[in-house]
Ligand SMILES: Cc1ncc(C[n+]2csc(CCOP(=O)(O)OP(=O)(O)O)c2C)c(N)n1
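The form predicted alone is given below as one chain in structure tokens.
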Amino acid sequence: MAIAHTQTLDYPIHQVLNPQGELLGSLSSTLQQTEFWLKAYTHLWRTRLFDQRAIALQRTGQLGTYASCLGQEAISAAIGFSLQQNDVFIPYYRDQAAQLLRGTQMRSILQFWGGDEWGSFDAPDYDFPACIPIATQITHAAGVATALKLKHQAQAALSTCGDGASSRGDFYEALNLAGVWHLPLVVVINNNQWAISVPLSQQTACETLAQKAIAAGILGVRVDGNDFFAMMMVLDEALERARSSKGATLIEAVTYRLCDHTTADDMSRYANAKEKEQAQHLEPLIRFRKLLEQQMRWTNEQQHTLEQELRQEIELEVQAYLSLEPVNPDDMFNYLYSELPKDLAQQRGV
């Protein structure tokens, strides 16, 4: 008996703002407001310039290994704007834009990447610190969503990960639980095409990452991750489904990592230079600026003023970070165990 091959599943990429800065469809009432456009555009640039400053600090020995979000700012910014205050955010390490919108200070993000874990505790009461291990935050998010459901609270849990995380067992286990228990969970995959140096084609045989939702029995959606407006619209719908007990959603946000995996990486050793150059023309800040130029007559002078004001804001936070007291080395012993094991007690005494 011949086994029929499964036909290609149609997962279109939702897009509202194309690379030319043209709106392709109608927007929700909030997204139609030009005041919000300026607020969102400002935050995208705030994230971009903060990211640049963090890398400069690392290159000059004033910060530890740092994970840049260059070219991926629209995904995280849209998450930050879409979440309600009492939703629970379980981020990974490229979520600077959302963390800042949720109330985390720049100095705390720098403190964390500077090697001081106390920096990870500057987050809203409902949110988790950034997760460094790959995909474990998705299982945490499923646990949070379970608690929200048991308490009958109209809240959503949202967690993020990279495309590489979608190849991990934690990812599948969490999605399976979300489907079986009908959890108020939204998982956003930042599909930036790379898991460190491993391209997407060598991670999975799936044509899309969104279709991984099928086995879990949840909704899967693909969206242009460089399109802030499309991200907002997809997120708003997914979060409202979660809050109203209509189940979980897996969102694949398609973008491209325009930076090294971290400052300990060298992307030029494995990425195709031409492919990266083409991706640079599609990045979110360029197309958003084109929209403002076409719809609001945004000028170079306005852009220069905006960047100068943001750099001043960022520099105040950088100086606050650099002025922090050095971390106490004893902290690695004081807060690890309730009772310190003998071998660690011996190390502490050395």
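The numbering used is simple: start at 1 and walk along the sequence shown. Not measured: the values here are computed from a predicted model.
Beyond the structure shown, there is the form predicted in complex with this ligand, which is absent from this document and is the topic of what follows.
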Please run the contact check for Gly114 against this ligand in the model of the complex: heavy atoms, 4.5 angstroms, yes or no?
-> no
Just to confirm, Gly220 within 4.5 Å of this ligand in the model of the complex by heavy atoms?
-> no
Might Ala216 be said to contact this ligand in the model of the complex, defining contact as any heavy atom within 4.5 Å?
-> no
Could you confirm whether Phe228 comes within 4.5 Å of this ligand in the model of the complex, counting heavy atoms only?
-> no
Work out which of the listed stretches, 240-248, 96-104, 272-280, 194-202, brings a heavy atom within 4.5 angstroms of this ligand in the model of the complex.
-> 194-202
This ligand isn't shown here, but in the model of the complex which of Leu148, Val234, Ala165, Ala142 has a heavy atom within 4.5 Å of it?
-> Ala165
Even though the chain is shown alone, can you say which residues of 133-149 have a heavy atom within 4.5 Å of this ligand in the model of the complex?
-> Pro133, Ile134
